[in-house]
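Before any questions on how it binds or moves, here is one chain, the form predicted on its own, in structure tokens.
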């Protein structure tokens, strides 16, 4: 039953992408949109194939992927640590959870110039920016997951003499892991989007910088080649992460 549901979901997602590609093809084929705004798909594809044969492409991809990985790891470690410390006390949970949620509601894009000011236009500012943004879903969802664990499990662990850390390791974390996994997934894609957005706004290298540079030079085919690459990468990663998440929840 789950396999059938997953197949249906994936089919709808693939159909949506196919429809979008069809609309793109139709708009350019009929001349409804000028090539300056939306180049034909075959030209974008040819541009992309030329692009992947250059060192510039792989250099930009390496910078962006490494930046995303750094930001996400920092966000995960910080989010899990803060969630663990906050949920050790109901009082601290009641105090800190609304504060973290309220801070997350602030558009951190407004503070991006501050990250540039402190860390420069290199990858460090994007790491700090994306890690900060990615921290919140990990912390908030982990707090919610840990607080949703059945109290009977905690009392049973305590009655058997388990320490606070042992209770977290053997009871709280395993029970809340399916929920925590959602936080990790959301954090990853927020980090992904934040790094690319930061690179587009101000950067010396990376995929986002390549997109903004192509726009500045009025090279729409190159710009769309990069954009399509990012979309395909994001969709592929989402499929992979979703499959891992679903597989983990089956066990």
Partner chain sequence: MTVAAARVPAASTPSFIGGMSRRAKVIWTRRLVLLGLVVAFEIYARFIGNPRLFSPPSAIVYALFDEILVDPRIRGAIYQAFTEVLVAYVMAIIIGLVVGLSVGWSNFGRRSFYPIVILLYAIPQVILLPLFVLTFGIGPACKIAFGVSHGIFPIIVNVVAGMRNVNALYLRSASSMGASNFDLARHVYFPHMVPSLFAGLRLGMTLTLLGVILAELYVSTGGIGYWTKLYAETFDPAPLFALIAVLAVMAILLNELVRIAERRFTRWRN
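All values reported here derive from a predicted model rather than from experimental measurement. Positions refer to the first chain, counted from 1. Rigid core: the largest C-alpha set superposing within 1.5 Å between the two forms.
Although it is not shown, the form predicted in complex with the partner chain is what the next lines describe.
With a 4.5 Å cutoff on heavy atoms, residue 113 counts as touching the partner chain in the predicted complex. For residue 52, no non-hydrogen atom is located within 4.5 Å of the partner chain in the predicted complex, even though that partner is not displayed.
Remark: residue 172 counts among the residues lining the partner chain in the predicted complex, judged by a heavy atom distance of 4.5 Å or less. Interface residue remark: residue 40 is not counted as part of the site for the partner chain in the predicted complex, having no heavy atom within 4.5 Å. Heavy atoms within 4.5 Å of the partner chain in the predicted complex are found in one stretch of 65-73, 22-30, 179-187, 197-205, which is 197-205. Taking a 4.5 Å heavy atom cutoff to the partner chain in the predicted complex, the contacting residues in 191-224 are 192, 193, 196, 197, 200, 201, 211, 212, 215, 218, 223, 224. Superposed on the core, the two forms barely differ at residue 237: its CA moves less than 2 Å between the shown form and the other one. Residue 17 shows a C-alpha shift of 2 Å or greater between the shown form and the other one [criterion: core-superposed Cα displacement of 2 Å].
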